[in-house]
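There is one chain below, alone, in structure tokens, taken in the form predicted alone.
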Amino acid sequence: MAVFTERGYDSASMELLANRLGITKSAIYHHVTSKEALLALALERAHEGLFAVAEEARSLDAPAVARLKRLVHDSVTVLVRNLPYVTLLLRVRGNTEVERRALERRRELDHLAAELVTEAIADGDLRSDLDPAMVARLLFGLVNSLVEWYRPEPGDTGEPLADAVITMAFDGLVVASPQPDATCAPITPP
């Protein structure tokens, strides 16, 4: 996964992979039929965790906002546990059939998040002045950006990070004050 992530899928040759692993190319081919098959296995590992938490969030008997929070929270913990695989998933560009399928599956997760946002707005639990698809993209843009800077320590479950993401995304950063503050007035689009 490190070679695919560092070099990009197209530039990662089987010879380079074999050298990094300290084995022969034939040893790799003993386990997988092609570089694309290896990519498919890696992407499936990322999807497996993400779709498991999506299904769990979808099946909760709870308001939509609680299911959305669970989806975001647990997506962070999956990302932490499977960082190399999720990083690779987030870097695919659709140049191969395997990558195009991976992007389609990612869009399924986007749709689920947008549906939950729509439901939470209808329930009166989220602001109604924002586009649900945009909110979902912003939430998962925040989650996905973690691959760029977060480096888990051994044994790190990602729970404190997931809790911080939920607090920031759903409760905000500004401390509520009893008096309106003119310096924090909402920005009204033109």
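Not measured: the values here are computed from a predicted model. What we label the rigid core is the largest C-alpha set whose atoms superpose within 1.5 Å from one form to the other. One rule holds for the numbers: they count along the sequence shown, beginning at 1.
Same protein, other form: the form predicted in complex with the DNA, not shown, and the subject of what follows.
Classify residue 130 as contacting or not contacting the DNA in the predicted bound form by the rule of any non-hydrogen atom within 4.5 angstroms, answering yes or no. Residue-level check for residue 130: no, no contact with the DNA.
Counting only non-hydrogen atoms and a 4.5 angstroms cut-off, does residue 62 reach the DNA in the predicted bound form? No, residue 62 is distant from the partner.
So in the predicted bound form, does residue 167 come within 4.5 Å of the DNA, heavy atom to heavy atom? Because no heavy atom of residue 167 falls inside 4.5 Å of the DNA in the predicted bound form, the answer is no.
With the partner left out here, check for me: in the predicted bound form, does some heavy atom of residue 151 sit within 4.5 Å of the DNA? Because no heavy atom of residue 151 falls inside 4.5 Å of the DNA in the predicted bound form, the answer is no.
Could you spot which one of 27, 142, 52, 41 gets a heavy atom to within 4.5 Å of the DNA in the predicted bound form? Selected option: 27.
So in the predicted bound form, are 14, 31 and 35 all sitting within 4.5 Å of the DNA, heavy atoms only? Yes, the whole trio is in contact, each within 4.5 Å by some heavy atom.
Quick check: residue 168 between this form and the one not shown - does its CA shift reach 2 Å or more after fitting the rigid core? No.
Per-residue C-alpha change between this form and the one not shown, residue 59, threshold 2 Å, rigid core fit: The answer is no, as the C-alpha of residue 59 shifts between this form and the one not shown by less than 2 Å after core alignment.
Given a superposition on the rigid core, I'd like a yes or no on whether residue 27 shifts its C-alpha by 2 Å or more between this form and the one not shown. Shift of 2 Å or more: yes.
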